[in-house]
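There is one chain below, alone, in structure tokens, taken in the form predicted on its own.
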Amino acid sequence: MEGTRISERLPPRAEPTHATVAFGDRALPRLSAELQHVELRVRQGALAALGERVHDAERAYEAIRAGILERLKLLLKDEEGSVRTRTAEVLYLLATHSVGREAMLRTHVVPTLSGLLDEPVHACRKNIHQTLKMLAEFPAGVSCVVASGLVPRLLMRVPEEQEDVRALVLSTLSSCMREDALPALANGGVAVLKEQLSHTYPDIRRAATSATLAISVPVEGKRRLCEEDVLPILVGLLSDHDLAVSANAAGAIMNTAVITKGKVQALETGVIQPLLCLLGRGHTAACANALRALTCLAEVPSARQQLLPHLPLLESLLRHPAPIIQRASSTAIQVVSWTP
């Protein structure tokens, strides 16, 4: 009669890098303890198991109540790069939930994250910037990022980062500039953005034009765009194959054309025809921004003369299904057809 044979192989689908999760109320206390374990393998396994749990909002809430965030803040300073990377990934997953974002702001996670902007491990740095980008997409989060003084440091990171991370940094900066453009203006933000507007990577162009749109809102931003010759680049981007890039470029031109110098520079670059072409590309935001830009430019007599033959095109947009386009075209028609 044969004896019992026990295989040394792991069960099917077993993941050796994951910690064994205890049942019920014991799960989080055990994971919390393992996050502080001296053995690297145990810490890695606990982080992997925690990452799987916090995908669910309810379990993320339970983890936060158990004090996991304080453990994660300490692990961001771990000497092992793989631990820091996993920790940043868990924080990003928590930031995807509203309860996670609120808890991260309450426990001052942003200052801790700011200490890792120069993190040598690329994957960890990417997770850090994904977390900051997610936080900056919400009012309380972006206020915290701006108040923490991160804008100057983020601007310094833009030219140094690899493409995937650079797009994340620019997206975070775009949100910060919508909150308050002055810190970026005071730290050479226009020059940094100008270098990224013509980048071959679409995500970078999209984020850079979005940030340029935001920085062009204050009067000082409009002046800087004119002084640093950004308008010719924006006019070129009106025909970009990525319509989000074109929409952002049209919005920045619209903002800059509010001041006289902006109008003159835009008209000198031949902006009228590219804006008219943008009206028929089927993108609501691009069309609306182009109409508003044309309305600003039509305050100049020479621009009105150029636009008068295109009144039928503007009138056709009065029947557009989007109310925003109907209103913008109506205003544009009034300004273009105005006579002294």
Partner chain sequence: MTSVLQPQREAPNGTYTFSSRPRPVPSRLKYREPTMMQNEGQVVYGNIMYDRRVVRGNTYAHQILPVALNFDLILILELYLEELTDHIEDVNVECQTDAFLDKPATPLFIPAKSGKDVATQIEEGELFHFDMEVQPVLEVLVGKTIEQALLEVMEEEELARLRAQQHAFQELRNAELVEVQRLEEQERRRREEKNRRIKQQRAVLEKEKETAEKIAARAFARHYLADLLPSVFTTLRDHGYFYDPVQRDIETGFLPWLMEEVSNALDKRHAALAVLDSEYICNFLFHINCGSSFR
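This structure is a prediction, so every number in the text was calculated from the model and none was measured. Positions refer to the first chain, counted from 1.
Keep in mind the form predicted in complex with the partner chain is missing from the figure; the text below concerns it.
Stretch-level contact check against the partner chain in the predicted complex with heavy atoms at 4.5 Å: of 93-101, 187-195, 148-156, 112-120, the positive one is 93-101. Proximity to the partner chain in the predicted complex holds for none of Tyr61, Leu182 and Glu268, with the criterion being a heavy atom within 4.5 Å. Here is the short version: of Leu278, Leu69, Ala288, Ala303, the single residue with a heavy atom within 4.5 Å of the partner chain in the predicted complex is Ala288. Among the residues Leu314, Leu307, Leu31, Cys296, the one placing a heavy atom within 4.5 Å of the partner chain in the predicted complex is Cys296. Taking the partner from the other structure, the partner chain in the predicted complex has no heavy atom within 4.5 Å of any heavy atom of Arg166. The closest heavy atom approach of Arg65 to the partner chain in the predicted complex falls outside 4.5 Å. Taking the partner from the other structure, the partner chain in the predicted complex has a heavy atom within 4.5 Å of a heavy atom of Lys222. Shown alone here, Cys226 lies farther than 4.5 Å from the partner chain in the predicted complex, counting heavy atoms only.
Contacts with the partner chain in the predicted complex, taken as any heavy atom within 4.5 Å, map within 258-276 to Val258, Ile259, Thr260, Lys263.
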